[in-house]
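In the form predicted on its own, a lone chain appears below as structure tokens.
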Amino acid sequence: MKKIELHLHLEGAAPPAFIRSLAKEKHIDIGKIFDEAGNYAFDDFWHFLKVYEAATSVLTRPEDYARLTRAVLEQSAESGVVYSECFLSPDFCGGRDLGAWREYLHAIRETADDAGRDTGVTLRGIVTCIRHFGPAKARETARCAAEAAGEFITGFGIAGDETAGKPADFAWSFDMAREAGLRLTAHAGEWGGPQSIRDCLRDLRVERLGHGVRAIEDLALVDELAEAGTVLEVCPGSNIALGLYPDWRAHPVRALYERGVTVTVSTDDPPFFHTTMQNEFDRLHAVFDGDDAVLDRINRNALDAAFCDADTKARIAKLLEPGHV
């Protein structure tokens, strides 16, 4: 099955072997972030954020991001992904300096184009500010996003610790991104409850929500999401790995779908959570009792919600047609 992924952090998709190798090349000691098997090791979501940032610390040059982009696209292709949107943070790509950001972005995009021809994966970028870095840095990130808006950079969002600050603190940044023509998404309803979703919808006016699964705790909100057509970028494997839900049967993805919410499925930070897009769809197949039509609908939801131009969307749609090789 050809797959569409909308919620993937570029640094979070870095294979641990790739990060270990890069750290060794640069003589940087980050051994504590790995377990004995060489996988990323963390205790909870907040520890995960620290491990994530430690892993990202070895990515210090545009060429590092070029190598990372190719590794991630090759990884995606193995799961049958043909279109992917990844979150890019100028915080990590040049410290929000516009000149440096342009160099990093050029390296990422050039590699995405080359690797896309080799792997068959079309990549687009969503510039993402980091919530726990604060509103002032988010404004600098928004300027980077606005400066780069175009065919490749098509969206703007916010990630990080949902408990840090309020969505309204970042309204200026989202307004700037909106004025630049960027589509908008925001992480909410993962570690923040239903109110975090309401706050993002009201104050940031986004059309998609990263995760959003805790809407299930407020059925009136669920019905509002369904009626408005708000898209949820659901990442079940991530939620389960971080302890938000104990297993797939307890995860609300089916309940949300059955109440009419437009759900999509992605991996978030796949090597951190020991998952792939193929694994997500395999498990989803079991959750929906083997109903292939549901998986097709969820996949097409993702294409409909993709932040790309109409021509790209039409091209990808042809790849999803039955019998297409």
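Because the structure is predicted, anything quoted here is derived from the model rather than measured. Numbers follow the displayed sequence, beginning with 1.
There is another form of the same protein, the form predicted together with a small molecule; it is not shown, and what comes next is about it.
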item	value
Partner-facing stretch of 139-147, 67-75, 118-126, 159-167, counted where any non-hydrogen atom is within 4.5 angstroms of the small molecule in the predicted bound form	159-167
Within 4.5 Å of the small molecule in the predicted bound form, all of Ser84, Phe152 and Arg183 (non-hydrogen atom)	no
Leu49 within 4.5 Å of the small molecule in the predicted bound form, heavy atoms	yes
Partner contact for Ile216 in the predicted bound form: the small molecule, 4.5 angstroms, heavy atom	no
Heavy atom of Asp268 within 4.5 Å of the small molecule in the predicted bound form	yes
Ala100, heavy atom within 4.5 angstroms of the small molecule in the predicted bound form	no
Interface residue in the predicted bound form among Phe281, Phe45, Phe288, Phe34, criterion: non-hydrogen atom within 4.5 angstroms of the small molecule	Phe45
Contact residue in the predicted bound form, chosen from Ala171, Ala226, Leu242, Ala255 - any heavy atom within 4.5 Å of the small molecule	Leu242
